[in-house]
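So this first bit is one chain, no partners, the form predicted alone, shown in structure tokens.
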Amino acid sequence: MSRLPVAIVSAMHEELRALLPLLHDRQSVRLARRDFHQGTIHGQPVVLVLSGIGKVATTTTAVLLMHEFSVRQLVFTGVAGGLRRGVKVGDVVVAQQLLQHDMDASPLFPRFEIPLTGRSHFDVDAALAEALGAAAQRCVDRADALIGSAHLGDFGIGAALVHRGLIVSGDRFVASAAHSAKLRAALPDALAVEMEGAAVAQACADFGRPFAVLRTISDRADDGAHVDFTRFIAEIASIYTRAIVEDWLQRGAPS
């Protein structure tokens, strides 16, 4: 029996375009206005797809992957804004937990809790996150070779770090110091903020499917968050994503 595929879900076109050349025996299927690209990378069966931006689009994508393609695990890649002190541009954050920072059904339910579930935090698959974290560390250790020290310097990136912990998601691009400060006050453990990961987490929890979320820090989620955002994704984040995913798959994605 052939192995079930791994899903690699990208938030941005640039990341998907970086991964597609790795795909062998490519076959594409269009469902719900999304192109799902099937094939193998280093002998591992995979499905590559663009999620769309925001929690609803991402949930639709995740459910299609699990229901229509029977993926055995799901990895979400993208960029995020750094929240916690010490999480800087060019760092990589591997989620251990995810939470929706804009979920608030109080006073019926506690703030951040998903109604009728009794939980606000969703844990990733520990083995999957550990394997991706190790691949991410190997990537940042050779960032100079992958990208070039001068080019990294253009974005103010020095010695990049890999962080593990809480990532929070919401349907709003956080681009002000005031909003970031409010998030830090409410969720002091949050390392980074983005717009999709917690939706993946909830959908995968419903299906009982292992998942992980991997983010490159593109900004500090402040008033400068929009500066060179697209260039950063094309020239830094997409290269990181390709290197990390290829390293992880080449070493054998855990079942």
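All residue numbers refer to positions in the sequence shown, first residue = 1. Nothing here was measured: the structure is a model prediction, and the numbers come from that model.
Just so you know, the form predicted together with adenine exists too; it's not on screen, but the next bit is about it.
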Candidate from V193, V46, V49, M66 lying within 4.5 Å of adenine in the predicted bound form - any heavy atom: V193
Heavy atom within 4.5 Å of adenine in the predicted bound form - the one residue of R111, R119, R172, K182 that qualifies: R172
Residue stretch of 102 to 110, 147 to 155, 79 to 87, 123 to 131 approaching adenine in the predicted bound form, non-hydrogen atom distance within 4.5 Å: 79 to 87
Touches adenine in the predicted bound form: F207 (any heavy atom, 4.5 Å): no
A221, heavy atom within 4.5 angstroms of adenine in the predicted bound form: yes
